[in-house]
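Single chain ahead, written as structure tokens, the form predicted alone.
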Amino acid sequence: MLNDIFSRWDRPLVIATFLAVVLGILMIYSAGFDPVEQINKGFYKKQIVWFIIGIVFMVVMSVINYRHLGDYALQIYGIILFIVLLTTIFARPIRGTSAWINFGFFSIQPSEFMKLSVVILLAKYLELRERDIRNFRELIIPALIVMVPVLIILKQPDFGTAAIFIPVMFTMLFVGGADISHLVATILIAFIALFFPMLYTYWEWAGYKGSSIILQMFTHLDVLFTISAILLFIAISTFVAHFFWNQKVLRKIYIPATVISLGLMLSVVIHKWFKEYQKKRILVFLNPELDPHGSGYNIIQAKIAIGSGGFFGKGFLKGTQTQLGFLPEKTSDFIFPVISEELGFLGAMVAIALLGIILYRGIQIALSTRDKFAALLATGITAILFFHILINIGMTIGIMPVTGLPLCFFSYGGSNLFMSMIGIGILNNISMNRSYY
């Protein structure tokens, strides 16, 4: 029986995952090596233990019926959400973030598993509401499923983890059949909501002085709120008029008025909600030189490490940025510059190729299964991995803000590795059974 199960495994997916983790462990060993004392901090040993446990998780998720995840989706979501809430309230802060449950010899970050629980519940909801999802009101429940944990995680505060939920939700809604215009409108609201607080923070940071009316509108939140209220009144009035007279021109008024109004209103909330360092991180990725010794330091050092590796790299344990301690968080968030510096462009391409195989198999599994729930589940898991990879590598080369997201399978950390291995197990399960459902 076991031979039959293993013979149906998705070999490219599993082999690429194993090779990625092994390469990650080697890089963690190098990043944790002290060239002066000639000793290693031992992070790689913990990663090996977590990898072994992760394999057990992956095997278990590969053999159980994945349909059971949908049957208990709400219970899984509720339990993990409760644990995340308790962690946020009672956990001892680590580097200013209350995101970990400490068991003494190891710590768990429940918000990592919240990602999978959200994907499972969204997949089940979108399966059940497949025929009605094009109605805008059907997007309210998915938004609540996502925003409740996002708001709790932002209170920890962990902006990076919270941010990953949003693009994953949009990806699943798109695949689930939501109306494109509704998704575009929501993205525009989010853009407006982020644009004004970032612009205000930039001007404030750069010491910009001016007396124009537009500048005054940007710098006074009560003015933004007033404009938002006026636009919302116009939107409601024209919507009511459209309900009675059904004039197309009115639709062209209340839809953009609603989008702009909600965007401005959220911009006021975000400006008050976000911490200064979170807004500065977003700005610094546009121009690291704004704060070269603070928020921009990580990006500058990461770029130096990546660029100095050349084509073949400086060699294992020979990266100067890595070994001399210039590169921050080198075992976790900035593991990709370690790979690039020591193994060069060639090593970086090998790492990206392994991740590419995993993502490709995830997409193929989602496209080839006949089960709607399985397709959405595979889409969500692949989206989690994709956006982790995109944002992590993107922030190390300066095209994404520094958010503290690890590089799946490579970065040091048990919680993210467990979450990723569980995800691979589910994908493998769907691949094994895609012809049966």
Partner chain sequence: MTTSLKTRMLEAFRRRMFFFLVCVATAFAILVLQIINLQLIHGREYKIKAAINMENNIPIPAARGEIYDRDFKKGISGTVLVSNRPSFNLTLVPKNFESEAQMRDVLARLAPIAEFDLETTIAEIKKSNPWERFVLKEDVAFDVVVKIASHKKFFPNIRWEDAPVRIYNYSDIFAHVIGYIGSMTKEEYNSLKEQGYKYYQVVGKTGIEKNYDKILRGEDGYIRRVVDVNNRTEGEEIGKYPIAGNNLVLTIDYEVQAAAYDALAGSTGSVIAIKPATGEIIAMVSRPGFDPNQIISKENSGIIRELLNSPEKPFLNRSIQSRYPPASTFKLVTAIAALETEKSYPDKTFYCPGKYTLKGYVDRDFYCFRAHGTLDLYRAIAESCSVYFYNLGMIVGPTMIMKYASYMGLDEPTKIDLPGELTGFVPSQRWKLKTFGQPWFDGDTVNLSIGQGFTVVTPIGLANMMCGIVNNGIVYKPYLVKEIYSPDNKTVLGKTEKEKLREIPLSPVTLNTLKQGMRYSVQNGTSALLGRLKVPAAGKTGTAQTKSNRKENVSQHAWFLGYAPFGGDVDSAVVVCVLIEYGQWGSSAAVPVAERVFSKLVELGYFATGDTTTQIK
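What you see is a predicted model; the values in this text were computed from it and never measured. Numbering follows the first chain given and starts at 1.
Below, we turn to the form predicted together with the partner chain, even though it does not appear here.
Undergrad: In the predicted complex, does each residue in the set 174, 325 and 399 place a non-hydrogen atom within 4.5 angstroms of the partner chain?
TA: The answer is yes; 174, 325 and 399 each reach the partner chain.
Undergrad: So which of 187, 128, 253, 304 reaches within 4.5 angstroms of the partner chain in the predicted complex, heavy atom to heavy atom?
TA: The option sitting close enough to the partner is 304.
Undergrad: If you check 149, 160, 263, 344 against the partner chain in the predicted complex, which one has a heavy atom within 4.5 Å?
TA: When the partner chain is considered in the predicted complex, the option within 4.5 Å is 344.
Undergrad: Does any heavy atom of residue 386 come within 4.5 Å of a heavy atom of the partner chain in the predicted complex?
TA: Yes, residue 386 is a contact residue.
Undergrad: Taking any heavy atom pair closer than or equal to 4.5 Å as contact, tell me whether residue 394 reaches the partner chain in the predicted complex.
TA: Within the cut-off, so yes.
Undergrad: Within 4.5 Å, heavy atoms only: does residue 311 come near the partner chain in the predicted complex?
TA: Heavy-atom contact with the partner chain at 4.5 Å: present for residue 311.
Undergrad: With a 4.5 Å heavy atom cut-off, would you call residue 59 a contact of the partner chain in the predicted complex?
TA: Answer no; every heavy atom of residue 59 is more than 4.5 Å from the partner chain in the predicted complex.
Undergrad: Any idea which of 95-103, 314-322, 78-86, 227-235 reaches within 4.5 Å of the partner chain in the predicted complex, heavy atoms considered?
TA: Result of the contact check: 314-322.
Undergrad: Counting only non-hydrogen atoms and a 4.5 Å cut-off, give the residues of 339-374 close to the partner chain in the predicted complex.
TA: Counting only heavy atoms within 4.5 Å of the partner chain in the predicted complex, the contacting residues of 339-374 are 340, 344, 345, 348, 349, 352, 355, 356, 359, 360, 363, 366, 367, 372.
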